[in-house]
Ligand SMILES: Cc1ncc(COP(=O)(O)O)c(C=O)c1O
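One chain comes next, on its own, written as structure tokens: the form predicted alone.
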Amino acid sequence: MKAVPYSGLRKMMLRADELGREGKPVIHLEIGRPDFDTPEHIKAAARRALDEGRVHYTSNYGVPEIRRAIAGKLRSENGLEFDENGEIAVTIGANEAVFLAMMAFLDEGDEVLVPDPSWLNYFYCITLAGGVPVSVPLRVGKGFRMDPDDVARLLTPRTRMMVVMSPHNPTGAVLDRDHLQALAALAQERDLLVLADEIYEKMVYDGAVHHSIGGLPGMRERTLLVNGFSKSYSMTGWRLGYVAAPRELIDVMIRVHQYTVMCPTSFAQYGAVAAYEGPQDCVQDMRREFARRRELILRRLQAMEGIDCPVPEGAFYAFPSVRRLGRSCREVAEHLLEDAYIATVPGSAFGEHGTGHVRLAYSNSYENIEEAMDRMETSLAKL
């Protein structure tokens, strides 16, 4: 456990909450969750399930209705065929799906290639499983996309798995089909598993298109497709995700699931059925509002002295460089919080190669983002 630190992101959240309790007007741009309420038809479905007494243990794989809805979604939206009986497991958020993958497939010392910067849960789920995370640097000059040449250079006889996240947290990068094909070729050549995290798939902008690496030739048998309901349907607190993979891989992961959490909350699963089978205008409305906020935050950041902000194609994060300010990213993030009451996350909280950046989540109201940008411009001038 000495190798598993407390989350740098959570530290910022805790301090922001302390300031808020003191009455300070904190604007939260550190939280990676939609600020919208869960759509009413989803909540209504969960309430019905409660009223109908659906309050008991479910199958380890999830209730049949949710597995059927997930299989239908993957078929219609991603062109992927998975058997709802044995090739889909419903998890407590996408986070548990990642944890299951690492615990199920990594032996002591096995290496996993992870884009850096990235959501740190990858790194530390690997560590908890006894594996070794290997950072694949993401560079601004290459659009924060994982470079196949870097991947090839970092492969060793101990490499067991590769993590691919698109759209990406914290950079907002989206991998096009050519990038995915190059990564897929390496995975097939070295017989690697690929954990494909697609939780932000519906949050893409400027004509960017999400592609599933598991749909490429030769990839279905080695891909662990992770997704969930948190981001696209504003269901973060419901804690519902899933992993889809060939039966023999799910069979191994379900054993870890059985002896830890056993199953997700029963009535919440029925809400998720309504998410996938009900009206989808709520998703498009949310994406349009994120696009509007993205334009605002990019315009303001790109006009600020000492800030360089690349354009994110997906998710709901901006990841500007603050190097020209002459301070570390942690110092900048702490200054913004203590001086201007703007909560952000230092890029170093997402890995070594995030150093020099800060992450701002535009999952707050347009008006709050405008106010935050005004405060930020004034506060950074003091540096």
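The first residue of the sequence shown is number 1, and the count goes up from there. The structure presented is a predicted model; accordingly, all values stated were derived computationally and were not measured.
The same protein has a further form, the form predicted in complex with the named molecule, not shown here; the description that follows concerns it.
- Although the partner is absent from this view, E313 stays clear of the named molecule in the predicted bound form, with no non-hydrogen atom inside 4.5 angstroms.
- A residue is said to contact a partner when one of its heavy atoms sits within 4.5 Å of a partner heavy atom; R239 meets this definition for the named molecule in the predicted bound form.
- The named molecule in the predicted bound form is approached by M165, whose closest heavy atom lies within 4.5 angstroms of it.
- Although the partner is absent here, S266 is not a contact residue: none of its heavy atoms lies within 4.5 angstroms of the named molecule in the predicted bound form.
- The stretch among 257-265, 130-138, 67-75, 197-205 whose residues place heavy atoms within 4.5 Å of the named molecule in the predicted bound form is 197-205.
- Taking W119, Y276, F105, F290 one by one, only a single residue has any non-hydrogen atom within 4.5 Å of the named molecule in the predicted bound form, and it is W119.
- For the candidate set G271, G93, G172, G214, a heavy atom within 4.5 Å of the named molecule in the predicted bound form is found for exactly one residue, namely G93.
- Residues in 369-383 all lack a heavy atom within 4.5 Å of the named molecule in the predicted bound form.
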